[in-house]
Ligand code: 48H
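Quick setup: one chain, the form predicted alone, written in structure tokens, and binding and motion questions come after.
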């Protein structure tokens, strides 16, 4: 017999068990776009305890929409070993070293691989602040996204982390929080978020790896947020840089927290 109360208890108990277990993690990632999910995948595959917080109902950031709602994306040669070889997304050659992938398949497969590696994704949760201890980001401050959207005065809860990743895309939300709360302390020319420039795929893809780095002690930036923080162009519906940036961020975090 299907009892609605038993169903409700099953959902509540199982969710709370995971949520409480993940109040102390190795890495907390804000944003479940392709860069954040790839970063999470490589960290979890290396045995780290990883939580991803996505403010929206769906994961994927801009990837599912492809280009102007044509659900296809472009990647380049450099990202093939990850997206096709490691993740297992089907791609087809187009020309000049560019490849086409189904954007929905791509994000669904990346998400599945991350979850199977051990990543826990919490959707409809927003990072509204960070914990800073001894001049180092040491955790995130969470609230339900609906609280912010409704402008309700509801206090948040906290998650401790050895490293935090801003993978919030164009908005660079976590880095802006640090700048707003602590002043010009980021590892940029001005100490603040420089803001993304107009679209220029070749330049944007060329600099995203350099922009993927630890932007403040304990705080890393990857994906489009990297170019947003460091004042570089946006790229549009080419996603190779996002994939490579996520892997690089994971590599840097693994090197640093292992110390």
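A quick note: this is a predicted structure, and the numbers were derived from the prediction, not measured. Residue numbers count along the first chain shown, from 1.
The form predicted together with the named molecule is left out here; the points below concern that form.
Proximity to the named molecule in the model of the complex, taken as a non-hydrogen atom within 4.5 angstroms, holds for one residue of 74, 159, 127, 119, which is 127. Relative to the named molecule in the model of the complex, residues 63, 170 and 236 are all within 4.5 Å by at least one heavy atom.
Per the 4.5 Å heavy atom criterion, the named molecule in the model of the complex is contacted by stretch 52-60, the sole one of 187-195, 52-60, 211-219, 39-47. When the named molecule is considered in the model of the complex, residue 228 lies well away from it, no heavy atom lying within 4.5 Å. At a distance threshold of 4.5 angstroms between non-hydrogen atoms, residue 249 is out of contact with the named molecule in the model of the complex. Although the partner is absent here, residue 69 is not a contact residue: none of its heavy atoms lies within 4.5 angstroms of the named molecule in the model of the complex. Within 4.5 Å of any heavy atom of the named molecule in the model of the complex lies no heavy atom of residue 28.
Contacts between stretch 82-103 and the named molecule, counted in the model of the complex as any heavy atom lying within 4.5 Å, involve no residue at all.
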